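Form predicted alone, single chain, as structure tokens, below.
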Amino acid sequence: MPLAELHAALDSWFGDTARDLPWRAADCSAWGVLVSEIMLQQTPVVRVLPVWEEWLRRWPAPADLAREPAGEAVRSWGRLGYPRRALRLHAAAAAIVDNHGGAVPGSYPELLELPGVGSYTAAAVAAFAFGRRETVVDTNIRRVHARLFTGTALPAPALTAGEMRLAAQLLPDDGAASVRWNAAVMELGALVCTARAPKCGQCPVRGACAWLAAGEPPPTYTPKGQAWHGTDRQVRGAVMAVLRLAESPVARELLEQAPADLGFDADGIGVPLAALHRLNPAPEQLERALSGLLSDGLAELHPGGLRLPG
């Protein structure tokens, strides 16, 4: 299928079937797009949506977030996971206020200079918030490109220079068309060309798919998911749940040893504290979790114990 026909087919499909997401709305601010891109990293839309909506109600502009302590960003991050992203968004908001007059910058180089913004996020915000012609390559896009053009079930474990060259070659010359193409390929990967159970019968470009033409060869490797149960990450998450609800510093003794009174609910943290102790982490594992939170800036040590950063 000629590239122009491929562009047209996916553009038509996207117009008919794309999800109605608030960060795609014409009136969504560049700040709203930036927040969505940070939140959507390694996190599904269904979990991001309510948190994004609450963030934008509370902090509709970067200056609104920058005025708050960083700990409030972490607190409002809730259970999205990878809470360092909340600190990065707070730092980005401060940089936008300090260096860009409170307005999200519109060019890839300027976006790339913001704290916590990498090459993908800079390209995505430049494209989806400002209509720039940028090569946007996320996990979904990589998978579609791998199947459609190279005939492999999955892309390489890590992004390659060859993938970036292919993505750049596929990008329409027109700015608006390039934005739609990026969004359409991403949506195809999210809804149809999924990792484990692709819905090839629903694909608008299945006739051009090299993977289907090759007989759907299996992946050459098995993707490794990240373990959770029993890991340091699970313990860190349990400690963060306590700190998010605490209105004052939490004594290390409470984190290290369950209170004798099972009905204990000092400072409103009884439920997450009980959940932490049900994990029964080894002392050295809890210490690693606490040390990691402190070194990452997700917690601060005060005379009364640990609390979210100020």
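Remember, predicted model here, so these are calculated numbers, not experimental data. A residue's number is simply how far along the shown sequence it sits, counting from 1.
Another form exists, predicted together with the DNA; not displayed. Remarks below refer to it.
Full three-residue contact with the DNA in the predicted bound form, heavy atom 4.5 Å, for T17, R180 and P204
Zero of three within 4.5 Å in the predicted bound form.
Would you please decide whether G215 lies within 4.5 angstroms of the DNA in the predicted bound form, comparing each non-hydrogen atom pair?
No - in the predicted bound form, heavy atoms of G215 and the DNA never come within 4.5 Å of each other.
Against the DNA in the predicted bound form, would P50 count as a contact residue? Criterion: heavy atoms within 4.5 Å.
Result no; P50 lies far from the DNA in the predicted bound form.
Are any of the heavy atoms in Y120 no more than 4.5 Å from a heavy atom of the DNA in the predicted bound form?
So Y120 counts as contacting the DNA.
Contact with the DNA in the predicted bound form for D232, defined as at least one heavy atom pair within 4.5 Å: yes or no?
Although the DNA is absent here, D232 would touch it in the predicted bound form, with heavy atoms inside 4.5 Å.
Taking 4.5 Å between heavy atoms as the contact cutoff, choose which of A208, C200, A190, A156 touches the DNA in the predicted bound form.
Checked against the cut-off, the match is A190.
Just to be sure I understand the contacts: of A126, L87, M186, A167, which is the one whose heavy atoms reach within 4.5 angstroms of the DNA in the predicted bound form?
For this set of options, the contacting one is M186.
One stretch from 92-100, 67-75, 136-144, 167-175 that, in the predicted bound form, holds residues within 4.5 Å of the DNA by heavy atom:
Partner-contacting stretch among the options: 136-144.
Mind listing which residues of 19-51 have a heavy atom within 4.5 Å of the DNA in the predicted bound form?
If the 4.5 Å heavy-atom criterion is applied to the DNA in the predicted bound form, 19-51 yields R19, L21, W23, R24, E37, L40, Q41, Q42, T43, P44, V45, R47.
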